[in-house]
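Presented below, as structure tokens, is a lone chain in the form predicted alone.
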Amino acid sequence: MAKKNDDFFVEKKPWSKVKDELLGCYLKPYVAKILYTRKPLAYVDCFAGKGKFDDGNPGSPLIALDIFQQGLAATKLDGNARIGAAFIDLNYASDLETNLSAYKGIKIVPGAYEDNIDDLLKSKTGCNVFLYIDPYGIKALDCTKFDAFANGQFNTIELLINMNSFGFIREACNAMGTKFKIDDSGFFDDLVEYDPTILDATDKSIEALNRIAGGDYWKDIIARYKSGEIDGYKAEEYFSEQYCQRLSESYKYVLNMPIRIQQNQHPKYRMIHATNHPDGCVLMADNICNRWELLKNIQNSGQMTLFQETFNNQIIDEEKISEYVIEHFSQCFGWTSLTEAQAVFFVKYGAICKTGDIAKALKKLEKAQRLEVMRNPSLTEKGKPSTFMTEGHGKTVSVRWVK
């Protein structure tokens, strides 16, 4: 096993702040919405760490628990809202006990995620399940486990995964007998792992990579890199795309969010959100767009950006959004839930704009009689035709392209 980085929790680094800010940005509206399903929420932080960094900064457990307290206090479900939170860690269970002692009713699980997660989820039938999977290294990311989670008898399930995609490519190169090089000598300085995965050119390493990736499709990518057909950045991009395609075999809505520590950098790693519920996908995409400015200010330089302008590094403007909206919604030949259509839009194009931007484009198409919109309720309280273009709170919207 690789030597662990004993200084990992001394100070909260920018990349940790990015991940936790993204988690917090999503959990606030997620909790507010999921509690109204009147089904319990089972939250598991699969690699919880100490709960708090030595410099006093909160880790993901404290961030989540504070949000849960706020969400429960704000709900009006008369005590019917329930959240069960569990925190797994192999090395720091005692630190978690100390740092989370102010919170009652939580479960701290000493041990490895892969050894405990199945038992934790056994009793969660009918619950809403959210798994935060921010591993110490890539070796714990067993794709077959993610498949099994999707087949659990839960009311809803969502995964937020930190995928060190460049770390995977580096170890895949090692396993395939080639050296991984990129044109930035300090590139991996921002990707310090607590327990880095180190693989070599053995059948055992190949099997481990197949398990992580959920198949052997990565071998062709490494072969193309080794031959010089593609560079390391393209290899990472292709792997991330195909990894999400693999996850989509079990999860209908998979968002691939490239994270950059500095503006104009290549993505350092990927945050991947997977769910079978369109509401969750739309909520994640919308909150990324609404709140990414907060992430820019995590570094003193204010130069951090969450994702590229587009998947092709193009600038997204109103005209481009309209083009994508027409391209996508023109395929809605039958009545389609707006939320469902938006979720598929974000999976296809990425979190490139807010749902409000999509609604603005759709209203123009509706006015031009290129799109039919069916709203329920169809009339306002004053008897006028409804014009809303969002779902929820007793409102539904279906759309159909005019042939």
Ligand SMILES: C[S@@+](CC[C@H](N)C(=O)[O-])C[C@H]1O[C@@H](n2cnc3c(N)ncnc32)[C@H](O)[C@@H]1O
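Source: prediction; values computed, not measured. One rule holds for the numbers: they count along the sequence shown, beginning at 1.
We do not show the form predicted in complex with the named molecule, though everything after this point is about it.
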Let me know the one among 321, 90, 129, 175 whose heavy atoms come within 4.5 Å of the named molecule in the predicted bound form, would you? 90
Contact with the named molecule in the predicted bound form, heavy atom within 4.5 Å, among 341, 35, 46, 347 goes to 46
Triple contact flag 233, 258 and 268 to the named molecule in the predicted bound form, non-hydrogen atom at 4.5 angstroms: no
Any idea which of 367-375, 24-32, 55-63, 348-356 reaches within 4.5 Å of the named molecule in the predicted bound form, heavy atoms considered? 55-63
Can you check whether residue 135 is within 4.5 Å of the named molecule in the predicted bound form, heavy atom basis? yes
Tell me, yes or no, whether residue 215 is in contact with the named molecule in the predicted bound form, where a contact means a heavy atom of each within 4.5 Å. no
Close approach of residue 114 to the named molecule in the predicted bound form, 4.5 Å, heavy atom: yes
Would residue 20 sit within 4.5 Å of the named molecule in the predicted bound form, counting heavy atoms only? yes
